[in-house]
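Next up is one chain by itself, shown in structure tokens, the form predicted on its own.
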Amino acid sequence: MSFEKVAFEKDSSKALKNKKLRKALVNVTDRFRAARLRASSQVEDWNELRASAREIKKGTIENLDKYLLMLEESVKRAGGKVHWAKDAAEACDIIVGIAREGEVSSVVKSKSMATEEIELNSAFEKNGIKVVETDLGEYIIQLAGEHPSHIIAPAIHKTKDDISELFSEKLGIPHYDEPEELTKVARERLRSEFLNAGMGVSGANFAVAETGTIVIVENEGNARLTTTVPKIHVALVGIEKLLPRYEDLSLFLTLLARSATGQKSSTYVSFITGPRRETDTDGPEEFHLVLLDNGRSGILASEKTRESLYCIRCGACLNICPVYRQVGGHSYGWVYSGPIGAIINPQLMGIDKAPELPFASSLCGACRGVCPVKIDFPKVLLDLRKQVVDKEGKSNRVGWHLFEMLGIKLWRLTVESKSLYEAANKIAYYLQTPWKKGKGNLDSLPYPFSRWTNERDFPQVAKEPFRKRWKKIKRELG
């Protein structure tokens, strides 16, 4: 699988000029953040649960070979088949091969970022197999011919009007103003797809080594239809999605729903263990589990970045990230975006294909603070930055890095001295005059400061520092 080089700086600059996009991003992520905060605050031992989850994931990833073999045996024991895919091409070949063997002409898909990762839809279409996304957000993205913009809300960047126009163009319907009408259209179109499909393809939030169970969490019910109505069910699962024991699910389901959408539990939680049994009233005749590596073993090999594989794809880090909230998911150049995209995309794609992503962060640590498994994003990002600098050698990035380090040292020297700080404040106040634009922010400063001010606000330096103003206020208050 070949990748184009990620152009984060260029694409994010374009996104920053899209006011509609930025408004949509802030509105939706604000709702997710507020919901997560309410839900997590209702759990007294929330941080203890996060610490426990981290330890379980750590132990699982460090013993992944053992648990993968255990999972394979458990799935086979339940009547399923297991396939191993070293990369995207092999995964596509396996799944398309299963479809051909089953004489499948139509496929429905649900709940799988991994299928986006391997570009499975294109593989189906090249082989003359119709494929339809059934999650509403993914359905919208498929019609638009785009990648997801968010892990759990793939169409976060589109407004109601955008979707109405898209449906009208692609489905030949009138423009509808109400979301309920648009949802009704999608439901009607998708219902027949479920009934006619010969194969359902899904991902999984978790795969349990002990029992061979895959778990799918959703709110729409489409995944349940995808995995039960067609005669063949194929689950494409990254090898990092394992949990050792069935009892571990209660902990991770508690963390996932609250971190992702702020719910105590998602509307639908499906536990799937093998194909339909004689006593079952529904379910597929065949169950296939495709275990996807596609670069994950490379991440596993590095002790410094290994914790990237702890991720349970809740999206909380995207919702809190000050960078993602301004530029959206498409700026990250691939399927995964936000802080998790910044650390796994370079590792899965190759650091030479995404050298800008480790620098797409302020290192504020907010992502680490909300992560349900406590991934240390800043630590991983710093290690990846070092890899970029080491690989590029004496490049412009190294020069800019040295300039940043010099600036930080000068800033430290200044703020440690009261007299230097006051003198610097006075100098800055008079030097800023050519770039003033009334009250508020400065116009774009000259290079190299323009690298900041071309895309971000830069507040004017006040004539009277806050310390002096505060003394006056205290005197006035008595």
Partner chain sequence: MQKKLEKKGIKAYIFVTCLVDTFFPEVGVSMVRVLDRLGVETEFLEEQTCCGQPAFNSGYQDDARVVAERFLNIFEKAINDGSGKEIYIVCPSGSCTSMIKVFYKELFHNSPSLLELVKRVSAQTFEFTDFLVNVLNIRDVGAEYGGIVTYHDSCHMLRELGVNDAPRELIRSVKGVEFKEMEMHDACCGFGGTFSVKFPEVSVSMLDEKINSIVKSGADTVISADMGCLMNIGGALSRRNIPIKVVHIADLLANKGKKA
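Here the structure is a predicted model, which is why all the values come from computation and not from measurement. Numbering follows the first chain given and starts at 1. Here the rigid core means the biggest group of C-alpha atoms that line up within 1.5 Å when the two forms are laid on top of each other.
Below: the form predicted in complex with the partner chain, not depicted.
Although the partner is absent from the chain shown here, Arg325, Val389 and Asn425 each have a heavy atom within 4.5 Å of the partner chain in the predicted bound form.
The partner chain in the predicted bound form comes within 4.5 Å of no heavy atom belonging to Gly79. The closest heavy atom approach of Ser417 to the partner chain in the predicted bound form falls within 4.5 Å. Among heavy atoms of Arg451, some come within 4.5 Å of the partner chain in the predicted bound form. The partner chain is not shown here, and in the predicted bound form it never comes within 4.5 Å of any heavy atom of Glu169. Checking 337-345, 118-126, 317-325, 141-149 against the partner chain in the predicted bound form, the stretch whose residues place heavy atoms within 4.5 Å of it is 317-325. For the stretch 353-371, the set of residues having any non-hydrogen atom within 4.5 angstroms of the partner chain in the predicted bound form comprises Glu356, Phe359, Ala360, Ser361, Ser362, Leu363, Cys364, Gly365, Ala366, Arg368, in sequence order. Once the cores line up, the CA of Ala424 ends up 2 angstroms or more apart between the shown form and the other one.
Annotation: Cα of Trp46 displaced by less than 2 Å between the shown form and the other one, core superposition.
Once both forms are fitted on their core, the CA shift for Lys17 between the shown form and the other one remains under 2 Å.
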